[in-house]
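Shown next as structure tokens: one chain only, the form predicted on its own.
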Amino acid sequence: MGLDSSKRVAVEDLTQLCVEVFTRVGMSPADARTVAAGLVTTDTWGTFSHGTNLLPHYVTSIRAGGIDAGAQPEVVVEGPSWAILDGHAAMGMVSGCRAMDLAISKARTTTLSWVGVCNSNHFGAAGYYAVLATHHEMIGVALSNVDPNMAVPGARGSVIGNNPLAYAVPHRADFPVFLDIATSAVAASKIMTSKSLGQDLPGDYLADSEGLPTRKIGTWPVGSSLMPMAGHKGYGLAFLIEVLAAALTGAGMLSTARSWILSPHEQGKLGHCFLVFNIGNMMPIELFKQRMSELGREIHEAAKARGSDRIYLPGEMECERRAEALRNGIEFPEWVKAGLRGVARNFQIAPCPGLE
């Protein structure tokens, strides 16, 4: 059976829709393209929770004043292998891409680099920035703090954010090995989906008002908090990210970081940081890729569990979805399409083919 292209959205059409919307709310065409590239790439991976689904929320925050669409990130202090940028409340993707580009540039000569950002906002999927480094045959790491939405062992209420961590490693052409995770037991978007369907959670993913695990969603995010993944281990990773992305950059920490969804009129004051490893300065890049191939092959050829017909490397599913999306368009779930249709109506823009 052939693919029904009428139900799919072309990457180019979706990108143009995003650019049009962002320029209309005050963003420069160049910055609009930067943000659109991040959101649409994330959709091609099938990670719809952090792609263009967020477009209406970004518009709301820009109009409310929490995000400054015209702001430009500025390097405030730097050394040969490191730097800190002030995002000036610009879109998180604008600050994040500037910072990662700078980290890549510095790593060309220093081999290892670290670039942090303060006074930023939600920057979408952390994995997008890590993968940018692989385009230059380097290893990338991206970290960010977020507003408190997660419990910590022994406490009640939201104390720390489910701070994301991502890495990406060059492997094959158009196929980096990469991982992008939050430090909570489950992504907030999955809890949102269960809540909308009126379902209880399949696991103890939330802590109730007493700080105890629960499968009841209730009035979440009011009255309950995300649980850290693997208990104290997820909490410990979230704390390290808070140090590297916020304490070290001068960004808002813990309760001084604001939610761009719950408080769209307030600047997020979030912090990010990006690390880059220039492989070619350490060993011939082809030797490294050969070793990566050996590593991947051994994992692929491992004995399979009953009922399993394939073993995936981190990011392999996402890369295959992206290749399919670039060939045939993105097949969105209806809840994403509805949001995009709403944005198009709001700006009196004809919706992309496939969104009707």
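Just count from 1 along the sequence shown to find any residue number. Remember, predicted model here, so these are calculated numbers, not experimental data.
One more form of this protein exists, namely the form predicted in complex with another copy of the chain; it is left out here, but the text below deals with it.
Of the residues given (I261, M192, L201, V186), V186 alone sits with a heavy atom within 4.5 Å of another copy of the chain in the predicted complex.
Taking a 4.5 Å heavy atom cutoff to another copy of the chain in the predicted complex, the contact residue among C97, V152, A89, I104 is V152. Interface residue remark: K233 is counted as part of the site for another copy of the chain in the predicted complex, having a heavy atom within 4.5 Å. By the criterion of a heavy atom within 4.5 Å, A125 is excluded from the residues contacting another copy of the chain in the predicted complex. At the 4.5 Å threshold, heavy atoms of T111 reach another copy of the chain in the predicted complex.
At a distance threshold of 4.5 angstroms between non-hydrogen atoms, G26 is out of contact with another copy of the chain in the predicted complex. Looking at another copy of the chain in the predicted complex, residues L179, I279 and R291 each place a heavy atom within 4.5 Å of it. Residues with any non-hydrogen atom within 4.5 angstroms of another copy of the chain in the predicted complex fall in just one of 128 to 136, 169 to 177, 216 to 224, 68 to 76: 169 to 177. For the partner-free chain shown, E210, G211, L212, M229, A230, H232, K233, Y235, G236, L237, F239, L240 of 209 to 240 come within 4.5 angstroms of another copy of the chain in the predicted complex, judged by any non-hydrogen atom.
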